[in-house]
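Next comes just one chain, in structure tokens: the form predicted on its own.
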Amino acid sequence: MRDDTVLRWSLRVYTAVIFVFIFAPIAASLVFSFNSDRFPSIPLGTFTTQWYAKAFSNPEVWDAALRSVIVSVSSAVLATIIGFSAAYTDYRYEFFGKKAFLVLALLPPTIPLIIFALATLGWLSMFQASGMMISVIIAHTVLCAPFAMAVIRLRLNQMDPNLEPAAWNLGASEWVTMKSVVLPFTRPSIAAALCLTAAVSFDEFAVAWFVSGLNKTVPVMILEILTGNIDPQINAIGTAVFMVSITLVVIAQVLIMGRRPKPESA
């Protein structure tokens, strides 16, 4: 019993250390975004919101934010549609090469982003499509679709495999069954996939930097501001981006956790 207690507290401490390691830089950025001093240093200066005012009064920031929203929403919708199709194909059908299909479908996030970005840039250049907003949408859709597939696939695996045959036996067509049985069951995971993929796209920098050209998203614009100088408004912009992303991730997690099947009571 004592060993279990030690193990439990060890895991709690380890988890706490991991969270501190991850969120300490974010917390520092949040604190310095309200610091009057230009350079991030201790002791802090006075409390101010001037860096937020400076950032949000800059038309370039709003242009980049609008592009990021358009790209993330478009990529999320397309990636979720593709992810749902791939997940349902895996769930419903058995076919030759299914394992290879799954490997290829889940492959993009495992490729180093620089290599993925270079390959995407080369491929889009063949069609004279590089340096456009649609280029970023296409690249982010490919990158995000596996995340959507994984989330929806997890939900489909919880569905009773007899539900669809039962609907077919009652006279429902495949499309009616999809609309009345499959989609309602997977709706929470579809919404979660939309939020998760939107967050991934909104935050993504490496691929967007290679393929966006002059159509800068917020992460690309942050790099350009940082190049050659230290600008405190970066902390303000970064905090705003983090709040948007973490909100989407939390919503996705709540949707995923909230619909888990309850264990049957004995």
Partner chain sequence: MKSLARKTDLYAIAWRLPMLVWQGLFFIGPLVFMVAMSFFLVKNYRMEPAFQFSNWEKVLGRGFFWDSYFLTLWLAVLATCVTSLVAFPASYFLAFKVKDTVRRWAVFFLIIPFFTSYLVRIFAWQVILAQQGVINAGLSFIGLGPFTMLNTKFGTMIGYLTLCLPLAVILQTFSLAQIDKRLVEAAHNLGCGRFRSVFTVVVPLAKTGLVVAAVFCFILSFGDFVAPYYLGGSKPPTLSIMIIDTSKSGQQWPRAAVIAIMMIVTLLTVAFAAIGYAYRKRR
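Numbering follows the first chain given and starts at 1. Everything numeric here is computed off the predicted structure, so don't read it as measured data.
The protein also exists as the form predicted in complex with the partner chain; that form is not presented, and the subsequent description refers to it.
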{"property": "Any non-hydrogen atom of Ile42 within 4.5 angstroms of the partner chain in the predicted complex", "result": "yes"}
{"property": "Distance check, Val73 to the partner chain in the predicted complex, heavy atom within 4.5 Å", "result": "no"}
{"property": "Proximity of Asn235 to the partner chain in the predicted complex, heavy atoms at 4.5 Å", "result": "yes"}
{"property": "Exercise: Ala193 in contact with the partner chain in the predicted complex, heavy atom 4.5 Å", "result": "no"}
{"property": "Of Ala150, Ala119, Val77, Leu156, the one that lies within 4.5 Å of the partner chain in the predicted complex (heavy atoms)", "result": "Ala119"}
{"property": "Neighbours of the partner chain in the predicted complex among 79-105 [non-hydrogen atom within 4.5 angstroms]", "result": "Ile82, Phe84, Ser85, Ala86, Tyr88, Thr89, Arg92, Tyr93, Phe95, Phe101, Leu104, Ala105"}
